[in-house]
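Next up is one chain by itself, shown in structure tokens, the form predicted alone.
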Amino acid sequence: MVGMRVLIVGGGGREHALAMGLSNSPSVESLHSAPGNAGTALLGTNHEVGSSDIEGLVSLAREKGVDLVVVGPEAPLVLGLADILRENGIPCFGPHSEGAKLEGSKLHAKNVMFDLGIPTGRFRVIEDPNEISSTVDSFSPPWVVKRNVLAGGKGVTVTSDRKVAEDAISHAIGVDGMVLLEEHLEGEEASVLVVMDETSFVCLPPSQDHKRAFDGDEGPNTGGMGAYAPAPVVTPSVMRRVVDEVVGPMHHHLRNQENPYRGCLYVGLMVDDDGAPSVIEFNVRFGDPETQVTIPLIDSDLGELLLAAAEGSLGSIEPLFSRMSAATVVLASNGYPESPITGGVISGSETSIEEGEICGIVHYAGTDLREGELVSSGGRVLAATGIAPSLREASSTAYEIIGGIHLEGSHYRSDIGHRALER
């Protein structure tokens, strides 16, 4: 299809990255974002409809006569946005509510993995506060505590401090009624974003996220402070195992459901020293900030790829990928992740780099325009992204850009990509 009108749901850096990719797609004529941010406003039209306003989003899609809805965050998928859009004859890139349970319920995801024999860590469900101590005793530190709800990427506590673990368990039981305690998997983390429908699946270049707030992987967990792709820990042999042991079985399972899965399956992995992958988690959408480093590496028409998956015809196309590397560095507000301070004026973000094969861009996230000034409106404000023939060049480009951006009290990590660069 050419002349497509596309609605992007969400307002973070992931959505700006999708908008940039779609704006470069020959098949796409116009873009709409709800609610969008300062970056998506430069590429199309923003609409003041919240990403969890299901009725408002469906009405907007119908009003604008869009040909495709691309859903960024997980919450509207869990709430059934894709189901209702498809009932209205509107193609949606994003799974139905049953498929979205893979992220909406960690327990459901674990049960699916165990049923299919997909490698993952053992776990226990705790519902009774009196069982906390004995259950903690049955696992070796560090302990991995996971809430069984959507928590914006911040529902996991990994700690070697027993009191911190027990407090996290107690808190989760108090607010959610239950919690998962999981085995800690050793190795190096990686992510593989998989576009899939009932006809086929396509693995995008593997990436690695940096969850901890500070250098050296110290500090609290965040939604992600940076990422790079491709991640060298996912060698060709590791990728074959990921496809054979994880993606293939999941695709076979999901394609045979009454309502087949159409969208992105995010596979969060731990790769051990022997190259054996195990699944840490599944998400049901593109990751953030992984999207910022994978979308620029897709050489073919992004709109065509997403529409094919939304319509169940992915098997009819063969996307092309770049041999370049990409790195993105997140600029976070003062106080992030605990209590981010918003409303600060941002300067220098208009910078871009284009030198031969090297490209540097800014992906906007928690940003807004107020009286002509760019201001912060969220915890993760923006990300500087470099694309270059090597990861070292991509990283240097990202840091060159972010070094020229000013937001009072903001912070960013200075070691994004360190595992790959130290190899």
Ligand code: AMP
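Remember, predicted model here, so these are calculated numbers, not experimental data. We number the residues from 1 along the sequence you see.
A second form of this protein, the form predicted in complex with the ligand, is not displayed here; the remarks below concern that form.
Q: Just one of Leu314, Met113, Val156, Val242 has a heavy atom within 4.5 Å of the ligand in the model of the complex. Which one?
A: Result of the distance check: Val156.
Q: Sort through Val144, Val202, Ile298, Val78 and report the residue having a heavy atom within 4.5 Å of the ligand in the model of the complex.
A: Residue within 4.5 Å of the partner: Val144.
Q: Can Glu281 be called a contact residue for the ligand in the model of the complex at 4.5 Å between heavy atoms?
A: Flag for Glu281 set to yes.
Q: May I ask you to check whether His96 falls inside a 4.5 Å heavy atom distance of the ligand in the model of the complex?
A: No, no contact at 4.5 Å.
Q: Please run the contact check for Arg86 against the ligand in the model of the complex: heavy atoms, 4.5 angstroms, yes or no?
A: Contact check for Arg86: no, nothing within 4.5 Å of the ligand in the model of the complex.
Q: Indicate whether Asn259 is a 4.5 Å heavy atom neighbour of the ligand in the model of the complex.
A: It does not: once the ligand is placed as it appears in the model of the complex, Asn259 has no heavy atom within 4.5 Å of it.
Q: Heavy atoms within 4.5 Å of the ligand in the model of the complex: which of the stretches 170 to 178, 156 to 164, 88 to 96, 334 to 342 has them?
A: This holds for exactly one stretch, 156 to 164.
Q: In the model of the complex, which residues of 184 to 211 put a heavy atom within 4.5 Å of the ligand?
A: Contacting residues: His184, Leu185, Glu189, Lys211.
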